[in-house]
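Shown below, as structure tokens, is a lone chain in the form predicted alone; questions about how it binds or moves come after it.
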């Protein structure tokens, strides 16, 4: 029986209410314990007050914490400054009808830009046939004006561009292709990103990332309760974490401000900061930040952040040119960039991409038909796949050195500069391959020799290619810039240029004595130079002495001219020859780098116009504003007549002198001028040659400067020929200066002849410097003079 214990007052009350007349006796099981009731009451009060205290304490502490999170989220988001590595670009290739360019070189240029073989109706693809290339160049923000994507047809006739037209068949006069990206300058070593404005992202990417990661993005205020419940339910059913439930804003907060640890505290902070961002900033600002911040893989030690950089890294394309299936792959990688890495885990990446394509279809972003078509496509990653090979390290070093003349490192590092350079990707590849292949064929032991190659456009002084190692991708000692080696006989043209600049004393037919010579040296033994073949050749024409590189004749001539004049000339041409002043400098006992040698020869190849060699044309900041321009600084050389005579003599060196083996090595000799050089004990081999379009310098030898068994004609010259056979070229057709007069000479004497004389040879002279003595075959009724100037 249940017993109800009532207090006396209660009994009285109930009696009144119920109309009891007689008191009822309620048996009690136990007498009331007043002490226990008091204790229980105290405990209850203590518990209640404790709860109130804890609640107050929590509110007191949590309030400031939430306030601090709110303030920090707003401040740090507003003050965020993303670093971008400064990027270096090759020169943009301009196409026009009649241009010397073969189809294979254009394909090389397109591949360096990032285009791939495929359907040219899609951006970033090209198709080639026997005489035509159809391409779809991606858009590019040139500093002068942004250039939209464009479809172009390029027709070829031999090794020339025959014509250009657009997709509708309309003729085009000029097409400028986007420049190839060469690499980063002074990378920060941590993050890589290419910032892109929200308006410049493809619409499918902007909507697709919301469809996959946060469908309520436009409606929630930073946290999506329904998404959290849905994720919790999914995780409960699966027995593990399969959904995060975080909104795009929460993901951005975690990436920007928080650690990746999974804890309730971190989730609380994340939610508070996400709400704070949504309260302070627009959806567009948040989404743009997210698209530029999200982690999408690694490039070596550098993390790839943002869709802009990921697009360039994985596909070699700007993000604006991505195809739908490429967008789907990158969107799918947001869930786990390493897990779905398309190179390391292609099958997993393909599965994930197709899942995203299905989500695109389910949300109406693509049609079912398009979905079925896109899921059949491969991943089509860029050739560079994951880590870039950075094959232009030697050239980039030249760029960095020239930039440091105008900027501090802190101005170049992480500021997102765009540096436009002069490099030609197709020429660079020709130089790299030519050096590596030719050295393998001409060295005594495998790997014994090293080398350097520099290619320059003579008229502008722009460096088109630079190789500092036979393994071009290897970083380290840059021989093109830092190998100071004796230059041997490549110095001789400048000795003879001094002489030819004095037409009253010297001409190309002036007899020189190639005989033993003794040069007194103060405080030392006399210097007695000898020829390479150990033979003295007696009296020779000045042009023959240069073409055959006779040492004794050159030293004799140099001593007549004086050593200071040679050094002054070198300095005028932009090269510091160093402090040593020894007569052996007439034979090239000077230590110069290949780049300095290229600087010396530039005015010879540019028909008398000198300009400093340059590798940079323009620098713009991250916003596309020009902050630096590097124009040509041409300076005419006064002795244009002497330069023309020297040019004639250097052609003679190729046809009849030490470089006479060159024409046989070339597919087509466009009229090359050149000079060989070999140093003592055959330690160094040089060849410098130029055409109408190219100046090339080649050095080969050993790094330890030991005898290498090399010569200019046998080692460096074949390298030069290998390189130039891969370059487009045009026949030299320069007009001689009007100051020159041509005479028939009874070669190799310094006597006038008639054209009918057996040894008659037309030789140019600066007006008034021609010989007057007549040859025995000269007929008085005729004339020895030809017209002034002529095409060569």
Partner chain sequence: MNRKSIQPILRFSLAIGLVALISACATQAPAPTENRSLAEQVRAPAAEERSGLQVYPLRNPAVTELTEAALAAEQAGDLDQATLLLERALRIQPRDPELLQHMAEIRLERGEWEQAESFAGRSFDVGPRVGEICQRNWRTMALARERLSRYDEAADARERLQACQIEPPTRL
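Positions refer to the first chain, counted from 1. Given the structure is predicted, the values throughout are model-derived calculations rather than measurements.
What comes next is about the form predicted in complex with the partner chain, which is not displayed.
- Among heavy atoms of residue 759, none comes within 4.5 Å of the partner chain in the model of the complex.
- For the chain shown alone, residue 738 is a contact residue for the partner chain in the model of the complex, at least one non-hydrogen atom being within 4.5 angstroms.
- Using a 4.5 angstroms limit between non-hydrogen atoms, residue 94 touches the partner chain in the model of the complex.
- The partner chain is not drawn, but in the model of the complex it has a heavy atom within 4.5 Å of residue 464.
- Remark: of stretches 103-111, 206-214, 170-178, 308-316, the one touching the partner chain in the model of the complex is 170-178 (heavy atom within 4.5 Å).
- Within 4.5 Å of the partner chain in the model of the complex, a heavy atom is found for not a single one of 440, 665 and 722.
- Checked against the partner chain in the model of the complex, the candidates 234, 634, 139, 627 yield a single residue with a heavy atom inside 4.5 Å, and that residue is 634.
- The contact with the partner chain in the model of the complex, taken as any heavy atom within 4.5 Å, belongs to 618 out of 150, 402, 415, 618.
- Of the residues in 504-541, none comes within 4.5 Å of the partner chain in the model of the complex through any heavy atom.
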